[in-house]
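Given as structure tokens, the chain that follows is alone and in the form predicted on its own.
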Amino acid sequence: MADEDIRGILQSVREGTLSVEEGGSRISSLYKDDLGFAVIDTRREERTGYPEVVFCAGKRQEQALAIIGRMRERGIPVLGTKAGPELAEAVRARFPEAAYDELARMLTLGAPMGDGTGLVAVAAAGTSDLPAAREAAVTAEFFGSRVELIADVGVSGIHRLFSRLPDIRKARVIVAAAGMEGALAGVIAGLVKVPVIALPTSVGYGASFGGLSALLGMLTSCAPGISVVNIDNGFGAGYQANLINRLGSS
């Protein structure tokens, strides 16, 4: 723990076996690891219950590899989001134990956190919504939730949703991923008694404006009990779902 490490450093400074400058440097290094192009928050899990997550999009391959490598040296479990196949191949060449979900574009290294208590249901309106839905599912599962992904239950064939309601109602929290007009979240929220996290996706024809229609539809839903994340933010939905699920386990 950081507090114990700090006490040890301060004791060394007090005894004169460590200079003030070196002591300050060591204390600083307990909380961050500066790679020059990135500063890793090494103690985030102690503050928030979760380690730092690596957003891979936009990073050069060598940068992402350096960040992931240093986190593993520190014993930090790694969840990498928006990771392409080339980066995944490079990571797995260095860390054969790494897992890659191509649909979700997510890398995982290290054992899943938590004990798998409680159920998160992730409902995807259509097959095209599965990448975002799968991202939510992998995130929640990595952080310790049991997850059931329920595919193709959009409102255009609403009987498909009704046939899966018994499974959906077993969950402590539900993620509803939908593009087009985003109606799925509101429909589900009117049928269950647990929180619903609405995940708008960029799926849809021109007037869906790359997911904006789904986002606004979810934000303005008349069904209570809905919270909304950003467009295609499966990670955010899965993270929030797991937080809620853990409240039920505490």
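The first residue of the shown sequence is 1; numbering continues from there. Everything quoted here is computed from the prediction, not taken from an experiment.
What comes next is about the form predicted together with a further copy of the same chain, which is not displayed.
- Highlighted residues T48, P195 and I244: every one comes within 4.5 Å of a further copy of the same chain in the model of the complex, counting any heavy atom.
- This chain is displayed alone, yet in the model of the complex one of A99, V155, M113, A90 has a heavy atom within 4.5 Å of a further copy of the same chain; that residue is V155.
- Remark: V147 does not count among the residues lining a further copy of the same chain in the model of the complex, judged by a heavy atom distance of 4.5 Å or less.
- Shown alone here, T117 lies farther than 4.5 Å from a further copy of the same chain in the model of the complex, counting heavy atoms only.
- In the model of the complex, a further copy of the same chain sits within 4.5 Å of a heavy atom of K82.
- By the criterion of a heavy atom within 4.5 Å, F162 is counted among the residues contacting a further copy of the same chain in the model of the complex.
- Heavy atoms closer than or equal to 4.5 Å to a further copy of the same chain in the model of the complex belong, across 194-232, to the residues V194, P195, V196, I197, V203, Y205, G206, A207, S208, F209, L212, S213, L215, L216, G217, L219, T220, S221, C222, A223, P224, G225, I226, S227, V228, V229, N230, I231, D232, ordered by sequence position.
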